[in-house]
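One chain comes next, on its own, written as structure tokens: the form predicted alone.
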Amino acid sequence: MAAQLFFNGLVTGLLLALPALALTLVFGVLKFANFAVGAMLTLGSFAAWVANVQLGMPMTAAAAIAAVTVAGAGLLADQFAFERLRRRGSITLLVASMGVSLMIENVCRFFFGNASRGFDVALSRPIRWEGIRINQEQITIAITVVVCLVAVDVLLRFTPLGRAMRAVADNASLAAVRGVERRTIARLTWVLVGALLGLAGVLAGLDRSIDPLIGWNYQIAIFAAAILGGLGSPIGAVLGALTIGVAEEMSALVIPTNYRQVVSFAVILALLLFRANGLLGAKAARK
């Protein structure tokens, strides 16, 4: 039982890693907490559902459609909301992201209703290894997330775009003096963040049924993971996601599963009280 819960927690943590990474990228580069992260994940789930079920596309093509759709939504949100308010400060941008979240969520509810839906994927028997039950969806989630994390790490470390994003995150004014256009970097950041959230929405739709609140079901855990790792630290976001995923699943040994989100609330509260910078936040800030 404990081994199964621990494995499920690792998979849940990997699923949380993509939106937590997206949240910390927005915070690091654009300097505000994007409350619309859950709603954008929901949009990715529905975009993939339309492509897969309504248009008959395979899941790989549906995932690409979801990534492009949410990236486009991020660009539109930046164009008509965030860019106009960027000089007003992080609190104003946070409130604006709440409005974007409500708008996306209600657009999804208007077009798709409140009914639960699922992808058109072939049923497959789970694999049993050392007494642990491993579903095909869990394998897909693990492989997809690991590939995405490696790709983002390579982008941030070894490409001109990654260096420009890190420069803007460290000191936007100094980066502008050296010829880095903050507006362009902001737009490209939204493309990257939207793609990550779109893919996360697809993986969430494989893990559970799709409805207008699918993103909200992950919202608290996403924020807890990003805060635990240290907002602005990509590596910290991944470590925080894995920790929150395992902690939530293992909590089923002592509390009912309906209350496992209490773990995320407790983590956020403890961090705000005792270590507001998170595990790697101070290290990221020094860099």
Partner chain sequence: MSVVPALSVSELRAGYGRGDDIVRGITLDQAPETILAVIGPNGSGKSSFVKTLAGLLDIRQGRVSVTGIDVTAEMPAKRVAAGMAYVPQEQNVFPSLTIGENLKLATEFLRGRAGVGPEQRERVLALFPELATRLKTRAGDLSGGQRQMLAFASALLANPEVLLLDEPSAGLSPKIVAQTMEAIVRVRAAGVTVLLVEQNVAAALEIADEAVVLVAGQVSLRDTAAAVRGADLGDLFFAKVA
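Keep in mind that this is a model prediction, so the values were computed, not measured. Numbering follows the first chain given and starts at 1.
The same protein also exists as the form predicted together with its partner chain; that form is not shown, yet it is the one meant from here on.
The shortest heavy atom separation between residue 123 and its partner chain in the predicted bound form exceeds 4.5 Å. Taking the partner from elsewhere, residue 133 is found to have every heavy atom lying beyond 4.5 Å of its partner chain in the predicted bound form. Within 4.5 Å of some heavy atom of its partner chain in the predicted bound form lies at least one heavy atom of residue 157. Within this chain, residue 143 is remote from the site of its partner chain in the predicted bound form, having no heavy atom within 4.5 Å. Residue 174 is the only one of 174, 127, 147, 76 with a heavy atom lying within 4.5 Å of its partner chain in the predicted bound form. Though its partner chain is absent from this view, in the predicted bound form it lies within 4.5 Å of a heavy atom of just one residue from 71, 186, 152, 167, which is 167. Only one listed stretch (203-211, 134-142, 190-198, 157-165) carries heavy atoms within 4.5 Å of its partner chain in the predicted bound form, and that stretch is 157-165. Annotation for 86-105: no interface residues with its partner chain in the predicted bound form [heavy atom within 4.5 Å].
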